[in-house]
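Shown next as structure tokens: one chain only, the form predicted alone.
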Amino acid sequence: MSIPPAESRYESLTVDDEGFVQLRWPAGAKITGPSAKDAFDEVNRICAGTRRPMLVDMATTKSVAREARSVFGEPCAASRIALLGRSPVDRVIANFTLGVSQVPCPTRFFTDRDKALAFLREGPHDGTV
């Protein structure tokens, strides 16, 4: 697999103290199919067979390609996904992505980090993939 251009790669991907996966896209990211696949492959790798809630910071994402939306519809180690944005544009991008893709787990958009984390805490996690 080829390495996505720097502008489309995720900025960071970690597991926090609560066991939540935290994926951050850089400001102005153009999320391509290969960059989405790269991110989800890494999510699966760091989760090592355990399903975990995932917070995706997509604030100021510039675009999400059709191929990326397809990847986001594939099952991965995420048990629930909270999409975190800041602006009405972020909401439009998230709603469009969710509206045209079948998501494999409960997924919602938030502009408030605390509400996003509360949503992640509501559902089951730490199950086996």
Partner chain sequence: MTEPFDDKRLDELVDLIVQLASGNLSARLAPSPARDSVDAVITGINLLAEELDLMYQNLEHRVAERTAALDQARRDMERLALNDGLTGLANRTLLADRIGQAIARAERGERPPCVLLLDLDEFKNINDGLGHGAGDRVLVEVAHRLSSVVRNTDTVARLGGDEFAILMPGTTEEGALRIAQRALAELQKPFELGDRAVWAGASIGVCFGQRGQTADLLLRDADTAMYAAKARGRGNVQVFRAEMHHAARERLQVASELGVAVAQGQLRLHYQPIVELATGTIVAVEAMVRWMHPQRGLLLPVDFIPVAEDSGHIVELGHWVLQTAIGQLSNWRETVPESFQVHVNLAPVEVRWPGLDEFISTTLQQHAVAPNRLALEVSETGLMTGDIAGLDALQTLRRLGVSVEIDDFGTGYSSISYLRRLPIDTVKIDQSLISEFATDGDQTAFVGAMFRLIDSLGLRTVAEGVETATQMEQLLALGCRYGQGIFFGEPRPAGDMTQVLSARPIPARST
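Positions refer to the first chain, counted from 1. Treat the numbers as computed from the prediction; the structure is a model and nothing was measured.
Beyond the structure shown, there is the form predicted together with its partner chain, which is absent from this document and is the topic of what follows.
| field | its partner chain: the contacting residue among Ile81, Ile93, Ala36, Cys76 in the predicted bound form [heavy atom, 4.5 Å] | value | Selected option: Ile93.
| said: Taking any heavy atom pair closer than or equal to 4.5 Å as contact, tell me whether Thr32 reaches its partner chain in the predicted bound form. | reply: No, Thr32 is distant from the partner.
| request: Although its partner chain is absent from this view, report whether Thr50 comes within 4.5 Å of it in the predicted bound form, heavy atoms only. | output: Because no heavy atom of Thr50 falls inside 4.5 Å of its partner chain in the predicted bound form, the answer is no.
| query | Is there a heavy atom of Thr60 no more than 4.5 Å from a heavy atom of its partner chain in the predicted bound form? | reply | Yes, Thr60 is a contact residue.
| said: At 4.5 Å between heavy atoms, is Gln102 in contact with its partner chain in the predicted bound form? | reply: Gln102: no contact with its partner chain in the predicted bound form.
| request: May I ask you to list the residues of 65 to 82 that have any heavy atom within 4.5 angstroms of its partner chain in the predicted bound form, in sequence order? | output: In sequence order, Arg66, Arg69 come within 4.5 Å of the partner.
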